[in-house]
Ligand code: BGP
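Next up: a single chain in structure tokens, the form predicted alone.
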């Protein structure tokens, strides 16, 4: 058997894409709560001033799939599939509505008590992200988001409250979701609204420094609260960047592009800024403002494991002319790889790239890995109470095969949680029609529908995969 007996199979969602109840029980507004769906969402994500000053017809996060009220029913279905682990996030503004309060919102804390108790009832380990694109909106409008060093203090206070509260219910924690997304969607990743006359790189990398210090302070708090009983991880939006050709300039370009994503994990895992950032920052005109003690806290409290999302590999070239045919998958600009097929949303499908990525991550850090997002977003058709999603099964089967090969290569892998194990609102487009789940949710892009849950064909397939610990794919 390739996978260990205690391998953590499961699925993943995010509070801001699933819970809804956006003002219930004292919750404050999150970044996502001002975003619309469809084409308007992309404009709002890259120009958040538009979103801050526009009233839209529909805000998908306000109701989402109503997980806030249906979690018992949904976790029961996950338990039926045999989940060993369930990745979700805590909504920061549900605990601290504005983000800068001194005392938490008890009603928000009580909800997650109930949620984690429900997981425990079925023997499911929660894997909890502290900040999954869920910075309180008030911290953007009043403080400028993560560009402001004060957010370190606010985040640390929030982290200490939830780590202490759930220390007997949650073992696995992630500090920030897809932390490198700060460079690609700065509003999502850091609550940043960047002015035209600003050095964008300076703002983003300074915000990144604040998040990296905050991540280490959360790790410090975790160790002080619960010692070795906690496992604290970082989280990367991963996917190896391939060179377009074997031309040395393309090879060097790929090295540089890979470093841009690994930079965050280099700091979180190794505890210091890598040497290549000296030149990178100089060429970008970036000067990181550090305070006394920052370097020490980074060094003393690295993460225990590396978690990551993987949807596709990427392709780069040193020739700018090549980018006229570029594609975009999960916010990353990439050339079209002629050897790969693509999903309906243009995300290139590369199962072997998962094995490549896993090997490179493990070779680089020698820390346990955890695949916490992977899956296929597709338009599903509900027919006779189910969805014949053979395309999803095929996608996942091929990726799981390569995952197992990577374990055979010697990679230490803790577990696998497929993304959107129940259909949720898409982060990038705000749509419901882009579905990832094993469970169909009867809601459309405009929030219409019964909300009823239906098992897809992939539900029984994944159940068998878990039962056999990956022996039967």
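All figures in this text were calculated on a predicted structure; none of them were measured in a lab. Numbering follows the first chain given and starts at 1.
Note that the form predicted together with the named molecule isn't included here; everything after this is about it.
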{"property": "Position in contact with the named molecule when the complex is considered in the model of the complex, options 177, 307, 215, 135, heavy atoms within 4.5 Å", "result": "177"}
{"property": "Candidate stretches 238-246, 177-185, 101-109, 203-211 - the one whose heavy atoms come within 4.5 Å of the named molecule in the model of the complex", "result": "177-185"}
{"property": "Residue 36: touches the named molecule in the model of the complex, heavy atom cutoff 4.5 angstroms", "result": "no"}
{"property": "Contact flag, residue 389 vs the named molecule in the model of the complex, heavy atom cut 4.5 Å", "result": "no"}
{"property": "Heavy atom of residue 432 within 4.5 Å of the named molecule in the model of the complex", "result": "no"}
{"property": "Contact test in the model of the complex: residue 155 vs the named molecule, heavy atoms, 4.5 Å", "result": "no"}
{"property": "Full three-residue contact with the named molecule in the model of the complex, heavy atom 4.5 Å, for 311, 426 and 436", "result": "yes"}
{"property": "Within 343-367, the residues that have a heavy atom no more than 4.5 Å from the named molecule in the model of the complex", "result": "347"}
